[in-house]
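Have a look below at one chain only, the form predicted on its own, in structure tokens format.
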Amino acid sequence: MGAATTALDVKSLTKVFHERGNKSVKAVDSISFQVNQGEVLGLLGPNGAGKTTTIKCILGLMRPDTGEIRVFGENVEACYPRVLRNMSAVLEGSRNLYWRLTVWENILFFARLHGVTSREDKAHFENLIRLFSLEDKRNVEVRKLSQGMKQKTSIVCTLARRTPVVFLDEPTLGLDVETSLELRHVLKQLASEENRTIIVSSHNMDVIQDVCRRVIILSQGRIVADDHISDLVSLFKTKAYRIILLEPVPEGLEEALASRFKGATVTGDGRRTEVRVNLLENDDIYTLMDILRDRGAIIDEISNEETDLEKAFLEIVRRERNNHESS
């Protein structure tokens, strides 16, 4: 096998927004990453982390303050707008559509902008309409559709352009469970069969975990994790514990745990108590047992909690915030 082709190369990207009173906000803080052709990458982060700003800079919709962005070797700023022939995007949902055109007219319009007009291409459009169950809506004006149908149409218009790089910002917004599952299947198929590069930004962790092998996590404009999802999840495996006590909440337990384990929770119903805690060091289990024993706690059950991408994400972001606040 030959070396993988780099579809997207971002180097030292920084974007600062200037507000009134000489106040500035660094939305993206010197981030660098690469994405290979055929890769499906997840882009995660809390609100305000810099995800959408990063995507808009790559698409040329915003000019970064510093840094370089290349798509298949072409510098986005120097080769704009020609470089756009390689990229398409769903941004802010159905706002990408012309609401007084029908579903089919929108598909044809956006596809033609990219020179996608052949008979084979139109067969591809028909397949996308069937796949997203839009057959009976093809001749309906977009403004008359439900929010979910508008979102479907926006995704179909983006996929119809057949660009090698696709950005999907919150693609499952407004979609029902069945269509969301269909979308996951389509994304994996496009990557494997058509070798498309897909960058998915979403708060829906199930979608990211299902379609992506690798994820980049942003927090406060910086990359705080860039790894395979399986590696991120395994990093936190067996460290989250759930303990059930056969009694009401022992006096002083909550305070003692909070002073030793950040994020520990204690809940009770007057008869039993549930403790959830992350043990980050090997000897933390002994410290936990000492705290419980000192307060006379009677343990009924202790178990590891299953770790998924959402729990790993929350823990990574929490640690980054704590490190930032303490620095």
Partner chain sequence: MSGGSGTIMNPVSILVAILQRDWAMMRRYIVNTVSSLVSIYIIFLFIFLGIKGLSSYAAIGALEGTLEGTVIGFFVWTFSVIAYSDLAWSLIVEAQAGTLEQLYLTPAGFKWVAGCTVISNLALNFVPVVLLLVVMMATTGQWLNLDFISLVPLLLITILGAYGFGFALGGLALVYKRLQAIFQVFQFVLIGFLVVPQRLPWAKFLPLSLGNSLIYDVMVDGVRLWELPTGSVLTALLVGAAYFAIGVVIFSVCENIAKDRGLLGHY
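Bear in mind that the values here come from a model prediction, so they are computed numbers and not experimental data. Numbering follows the first chain given and starts at 1.
We do not show the form predicted together with its partner chain, though everything after this point is about it.
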If the criterion is a non-hydrogen atom within 4.5 angstroms, does every one of L59, A89 and H114 touch its partner chain in the model of the complex? yes
Picking from 211-219, 179-187, 97-105, 249-257, which part of the chain touches its partner chain in the model of the complex when contact means heavy atoms within 4.5 Å? 97-105
Please identify the residue among R85, K239, H203, R138 with any heavy atom within 4.5 Å of its partner chain in the model of the complex. R85
Would G174 show up as a contact with its partner chain in the model of the complex if we use heavy atoms at 4.5 Å? no
G148 versus its partner chain, in the model of the complex: is there a non-hydrogen atom within 4.5 Å? no
Would N75 sit within 4.5 Å of its partner chain in the model of the complex, counting heavy atoms only? no
Might R293 be said to contact its partner chain in the model of the complex, defining contact as any heavy atom within 4.5 Å? no
Note that its partner chain is not shown here; using its position in the model of the complex, name the residues of 206-222 with a heavy atom within 4.5 Å of it, in sequence order. none
